[in-house]
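For reference, the chain that follows is the form predicted on its own, supplied as structure tokens.
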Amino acid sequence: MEATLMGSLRDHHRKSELEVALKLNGSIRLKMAQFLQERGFVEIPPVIYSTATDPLNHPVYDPSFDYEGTRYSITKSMIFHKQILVQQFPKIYSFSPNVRLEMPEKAKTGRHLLEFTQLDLEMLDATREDAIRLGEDLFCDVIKHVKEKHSKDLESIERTISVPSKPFRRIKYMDAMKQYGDDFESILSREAKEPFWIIDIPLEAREFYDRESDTEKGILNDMDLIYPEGFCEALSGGEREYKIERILERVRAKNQSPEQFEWFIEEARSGLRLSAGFGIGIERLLRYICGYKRIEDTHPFPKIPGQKSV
């Protein structure tokens, strides 16, 4: 396996693409950190494993283990840790390594890795509107930075990108579903020339921690940012359920139990305030910026669904 990998890296085209991706990876992270710190955000360390992690709303294998009589899961996202810690530190972010052991068929998409990093952030007393504005500003700032600092790198891979205009277009989830069917995200992404938001996502399509609208029952104050050119989902986030009775109601509606999320539930009983945030996958962002067909071209040791990896 290692010999095959090294042979692949020795291929001039593969090496050139990976070199650009790695240079942009470090540069983009520095720019994101600078952007957030200038706005009062504090970086927090990532959580690699915990007794409770993101349940997700689609099937994945659960990487978990026992240690000294306690069952732990590898982090799928830091959603619970963010929501608790933001109660004390009003603006936080982390470059969080995530492990999501997706079903093998996800390899076909070209945008799924089993192991990836996302910039995960949260804001106290914030709404979806706050998260959307921050997401747009952050995305545009990163693209502007890459165009200014890495023009020769982009030329070397024959990639042209532009800074999108704000505000980004918004499309309601159910409107998109009615017009295009289940594959609306891919269709809209292929048609789009600039990134856009999918908003007002139905309750059953997301996890229990996403906050239901006060005015539209069954609709969440969530949003997904979608890349143009067929690159699909860039960012996912929204407001968080913070009232303990609503959290428990939503957990049971998902056929889950409070015991699965014991430490988080106990913290929530002490009282939470509203927060909002999002996560943006670094490798997916690199794939879009570089224009690569497949996400594994951004990583020297990619772990692809259904395939053996080093």
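This one's a predicted model, so the numbers in the text were calculated from it and none came from an experiment. Numbering starts at 1 and runs along the sequence shown.
One more form of this protein exists, namely the form predicted in complex with ligand ASN; it is left out here, but the text below deals with it.
> If we take heavy atoms and a 4.5 Å cut-off, which stretch out of 59-67, 248-256, 276-284, 28-36 is in contact with ligand ASN in the predicted complex?
Looking at the other structure, the answer is 276-284.
> Classify Pro195 as contacting or not contacting ligand ASN in the predicted complex by the rule of any non-hydrogen atom within 4.5 angstroms, answering yes or no.
Pro195: no, not in contact with ligand ASN in the predicted complex.
> Decide whether Glu212 counts as a contact residue for ligand ASN in the predicted complex under a heavy atom distance cut-off of 4.5 Å.
The answer is no: Glu212 has no heavy atom within 4.5 Å of ligand ASN.
> So, Asp54 and ligand ASN: in the predicted complex, are they within 4.5 Å at any heavy atom pair?
Result yes; Asp54 sits at the interface with ligand ASN in the predicted complex.
> Although the partner isn't part of this model, could you tell me whether Pro228 comes within 4.5 Å of ligand ASN in the predicted complex, counting any heavy atom of the residue?
It does not: once ligand ASN is placed as it appears in the predicted complex, Pro228 has no heavy atom within 4.5 Å of it.
> Quick check on this chain: which one of His81, Arg111, Arg240, Lys91 has a heavy atom within 4.5 Å of ligand ASN in the predicted complex?
None of the others qualify; the residue that does is Arg240.
> If the cut-off is 4.5 angstroms on heavy atoms, which of these, Arg128, His145, Lys106, Arg100, is the one near ligand ASN in the predicted complex?
Filtering the options by heavy-atom distance leaves Arg100.
> Sequence order please: the residues of 91-121 with a heavy atom within 4.5 Å of ligand ASN in the predicted complex.
The stretch touches the partner through Arg100, Gln118, Asp120.
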